[in-house]
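We begin with a single chain expressed as structure tokens, specifically the form predicted on its own.
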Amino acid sequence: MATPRSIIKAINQPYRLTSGDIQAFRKNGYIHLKGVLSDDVLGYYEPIISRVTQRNDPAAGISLEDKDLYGKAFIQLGNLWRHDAQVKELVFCKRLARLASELIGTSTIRLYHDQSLYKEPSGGITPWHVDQQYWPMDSAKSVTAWIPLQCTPMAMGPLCFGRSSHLKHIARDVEISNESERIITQTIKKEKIVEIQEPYALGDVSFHYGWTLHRAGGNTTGQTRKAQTVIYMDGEMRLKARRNKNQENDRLSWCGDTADGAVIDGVLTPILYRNDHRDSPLKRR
């Protein structure tokens, strides 16, 4: 069944940012935007994303009790856009890609990858970490859109951000683990970093830099916390020498057709948005 034209139109229309929004994002390292996606859009794509995630869950059949820390935190599936053409519509949409471009200040935005992150009922915490520890990128011009697929109260484990932590070099070589939770928790207290955690209404979307500290609480409800993420990068991002095994794994997964030092311009990392400067951030629509 073809996606309704009204849905396609909605996910490609601009969402107007203010200059204050952009300044706040660059200062704080994250921004929580209201009403980015409509109820109709989320009502249409959530069942599709859920079906693709469940069908391809790499840990299907393993009980929550038998999973490791990472597995207890969430069910994770990457590159959903390659599994389903309708998921691709959302992942490639101009509404979100344009927001990424304006927030990080690049004329072009490229996909790094997308992934679903489903936290099961009674699922554990997502420990403190920074995403870019995993990414072999040569600049900090990367941003993740976190898209809850339902209202996400505090009990479901919405994201928690360390305000302005992207400006500090904290745990940048520590992968997500019990150790990252311990080290970063201690450092946040020492550095007096303010933690910001808020519930998400349906349609809210947050964006955070690759070096912004963040975590999520456990899901203490009886419902799965469903979230889709899209990771964007500067269209001119280059592949850097790997600092750890995680970055080498990511190179193999997403950048296998890119030479060291070259722009990450491969089959899996297409340009999603170009800013032709006809529009400028004015006031939110």
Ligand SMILES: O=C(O)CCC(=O)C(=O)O
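Note that residue numbering begins at 1 and tracks the sequence as displayed. Given the structure is predicted, the values throughout are model-derived calculations rather than measurements.
A second form of this protein, the form predicted in complex with the named molecule, is not displayed here; the remarks below concern that form.
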* To do: Decide yes or no: are 31, 163 and 207 jointly within 4.5 Å of the named molecule in the predicted complex, with each residue judged by its heavy atoms?
  => no
* Could you tell me which one of 83, 129, 98, 141 places a heavy atom within 4.5 Å of the named molecule in the predicted complex? => 129
* Asked: Heavy atom within 4.5 Å of the named molecule in the predicted complex: which of 53, 229, 247, 224?
  -> 229
* in the predicted complex, segment of 116 to 124, 196 to 204, 88 to 96, 180 to 188 with a heavy atom within 4.5 Å of the named molecule -> 116 to 124
* Would you please decide whether residue 103 lies within 4.5 angstroms of the named molecule in the predicted complex, comparing each non-hydrogen atom pair? => no
* Is residue 233 close to the named molecule in the predicted complex, meaning a heavy atom pair under 4.5 Å apart or at it? -> no
* Asked: Using 4.5 Å between non-hydrogen atoms, is residue 111 touching the named molecule in the predicted complex?
  -> no
* Asked: Would residue 211 show up as a contact with the named molecule in the predicted complex if we use heavy atoms at 4.5 Å?
  -> no
* Asked: Mind listing which residues of 137 to 163 have a heavy atom within 4.5 Å of the named molecule in the predicted complex?
  -> 144, 146, 159
